[in-house]
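Below you'll find only one chain, the form predicted alone, shown as structure tokens.
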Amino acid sequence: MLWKNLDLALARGERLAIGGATGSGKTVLLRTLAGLEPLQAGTIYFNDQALSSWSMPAYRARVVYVPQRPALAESTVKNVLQSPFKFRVRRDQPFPLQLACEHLAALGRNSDFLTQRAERLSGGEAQIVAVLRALLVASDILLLDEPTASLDAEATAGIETLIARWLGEQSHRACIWTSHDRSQLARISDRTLALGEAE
């Protein structure tokens, strides 16, 4: 067990940073909160409902996990960004193409980026696509696992700005962000949770 007796609450509007050495369980914690890893003990609550009472499609529409190394479909970037909008849970939510282009422009990329093949992107470009996809679906909580680890300083600043803007658009939104970069954690968070070393 990586950690036990972990009591964690995330408030509306909060930006929580999670730090810790490699092997301390940061990724496992985010995957568990996303419903991708089973709990060995305890309960996760979202909006005062136990995770077990949520349907996973409905829960994952509102709590979105962005992995450090996203696996993207063999398709165009535009199709990858559109893919969540094809699920039944978002059938009434149109794909915000203009917003996608605005986000790309803020990151120094034009609309031609949408036509690139996702499977040929660099690691940093794949991270950009994964973060943009998470922002576009207008979820309630973002679980961000080292989302800028493969990006240069300029792109990192752009992603941080976009996430801050996303948070400011709706008061109930919140995010949890892991990073090995302590200066980044200080910039993007209201508080930090430090996980201990793996046993």
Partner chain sequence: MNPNYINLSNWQLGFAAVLILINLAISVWLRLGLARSLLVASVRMVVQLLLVGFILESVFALQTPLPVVGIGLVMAALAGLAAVRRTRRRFPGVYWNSLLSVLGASFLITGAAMLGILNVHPWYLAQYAIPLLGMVLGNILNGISLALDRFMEGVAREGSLLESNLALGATRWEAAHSLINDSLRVGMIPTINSMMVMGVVSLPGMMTGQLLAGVLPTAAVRYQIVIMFMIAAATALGTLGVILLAFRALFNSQHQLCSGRLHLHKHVDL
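Positions refer to the first chain, counted from 1. The model shown is predicted, which means the values in this text are computed figures rather than measured ones.
The same protein also has a form predicted in complex with its partner chain, omitted here; what follows describes it.
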Answer range among 22-30, 60-68, 152-160, 167-175 for contact with its partner chain, defined in the model of the complex as heavy atoms within 4.5 Å: 60-68
Of the options Leu104, Leu114, Leu121, Val89, which one has a non-hydrogen atom that comes within 4.5 Å of its partner chain in the model of the complex? Val89
Would Ala100 count as a contact of its partner chain in the model of the complex, using a 4.5 angstroms cut-off between non-hydrogen atoms? no
Check whether Gly42 has any heavy atom within 4.5 Å of a heavy atom of its partner chain in the model of the complex, and answer yes or no. no
Flag Ala126 as yes or no: does it have a non-hydrogen atom within 4.5 angstroms of any non-hydrogen atom of its partner chain in the model of the complex? no
Glu37: touches its partner chain in the model of the complex, heavy atom cutoff 4.5 angstroms: yes
Would you confirm whether the three residues Ile18, His180 and Gly196 all fall within 4.5 Å of its partner chain in the model of the complex, going by non-hydrogen atoms? no
